[in-house]
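In C-alpha cells, the next block holds one chain alone, the form predicted alone.
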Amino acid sequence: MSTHARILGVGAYRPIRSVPNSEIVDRIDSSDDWIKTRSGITSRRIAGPDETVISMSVEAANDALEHAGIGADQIDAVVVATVSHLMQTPAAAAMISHQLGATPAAAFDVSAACAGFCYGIALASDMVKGESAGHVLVIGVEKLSDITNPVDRGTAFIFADGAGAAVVGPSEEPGISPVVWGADGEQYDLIRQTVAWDDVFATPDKEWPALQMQGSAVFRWASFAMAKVAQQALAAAELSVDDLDAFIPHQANMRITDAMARTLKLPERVVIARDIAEQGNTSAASVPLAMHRLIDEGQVKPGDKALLIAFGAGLAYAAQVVTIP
C-alpha cells in the first residue's frame, strides 16, 4: 500500500453573477480606481438565492471527481472548509456527501477561515498516508455575501462567493509536502464577526452579524509574516524557490500577493495566481479556485510544483507544496 498522498483532481464552481466595481462604488462612497489600487479587484462573483454553500460545493466536487477519474462511492471522507454555512449543525459536509452519493463517508467541517482549504489538504494527506482513508474530498466553499455588510467601506468590495474542491488519494511519490501551520490568536480581533449570536438572540433588534476587518493591520501582518511561513514550507518540502513552477496564495489582496512574491524573490518564470481580479476574496474557496483557473487555462501542467499558502481570521495560516494533478 502507498505511504504517499497527492491531489488527484481539482474542481470549481463560480456563481453566475459577476458584479463589477461600478455596481458597488456609490453605496460605499468609493471609486473603481480606488478599489483596483487597494485590492486588484475589478469584479467579483456573487451567488444568487439558489446558489448555496451546499449546491456550490456539490458542483465543485463533481468537477473534481471527474478530473480525478473516480466515483463518489470511492470517497472515504469529505472535509469541508467554510465559515459561511449558517446552520450550526449538522455539518455541511454530511449534506454534501449525501447529495454526491458518497455515503457512508466520514464527513466534517473545518472552521479555519481563509486557511481552511490548506488545513483540509493537510488533514487529507495525513489520512491517506495513515491509511484511515483511501480517497478524501476536500472542499473550500463560501457564500460570504450572506455575512458581509453591503455598506461597509472596508469589506463590501472584497468578499465574494464560490467553491473549489480537490480529491486527495494515494500516490507512489510524495505529492503533498509537510504542512507548516499555526495561528496567532492574540490578534483574533483583526478579522472577526461583528456580533456574537448570543447577543443577537438576547437583543432582537441587534444588527445581523457581519465580517469586519482591520485592513491595514492585516495587510502588514500578512505581507511579512506569511513570506516567512512560505519559506518554512519550502524548507519542509526540501525545495527552494527555484524548484517551484507556481505560487498559489490565498486571494486576499493583490498587493499582499505582490509583497510576498517580492520577499520570496520568486523567479520570473514562476506562475503567480491572481484569481482575485475577477473573482474577489472567497476565503476558504480562494486557493482551490485559483488553482483550478491555472489548470483550466493551461498556465500549469501535471507534475508542476506549486506552493500553496493561506491566512485569515484567527489569525490562522497554513502552507504546503503540492504537485499539480
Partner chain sequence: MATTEDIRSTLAEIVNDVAGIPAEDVQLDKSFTDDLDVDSLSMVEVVVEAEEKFDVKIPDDEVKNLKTVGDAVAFIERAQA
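Positions refer to the first chain, counted from 1. Nothing here was measured: the structure is a model prediction, and the numbers come from that model.
Although not depicted, the form predicted in complex with the partner chain is the subject of the following passage.
Asks: Pick the stretch from 31-39, 274-282, 289-297, 49-57 whose residues have a heavy atom within 4.5 Å of the partner chain in the model of the complex.
Replies: Of the stretches listed, the one contacting the partner is 31-39.
Asks: Pick from L86, A217, V241, A196: which residue has any heavy atom within 4.5 angstroms of the partner chain in the model of the complex?
Replies: Only one listed residue qualifies here, and that residue is A217.
Asks: Tell me, yes or no, whether F108 is in contact with the partner chain in the model of the complex, where a contact means a heavy atom of each within 4.5 Å.
Replies: Looking in the model of the complex, residue contacts with the partner chain do not include F108, since no heavy atom lies within 4.5 Å.
Asks: Contact with the partner chain in the model of the complex for R262, defined as at least one heavy atom pair within 4.5 Å: yes or no?
Replies: R262 belongs to the contact set for the partner chain.
Asks: With the partner left out of view, is Y188 within 4.5 angstroms of the partner chain in the model of the complex by any non-hydrogen atom?
Replies: No, Y188 is distant from the partner.
Asks: Going by a heavy atom distance of 4.5 Å, is R255 a contact of the partner chain in the model of the complex?
Replies: Close contact exists here: in the model of the complex, R255 approaches the partner chain to within 4.5 Å, heavy atoms only.
Asks: Along 129-167, which positions have a non-hydrogen atom within 4.5 Å of the partner chain in the model of the complex?
Replies: Going through 129-167 in order - heavy atoms within 4.5 Å of the partner chain in the model of the complex - there are no hits.
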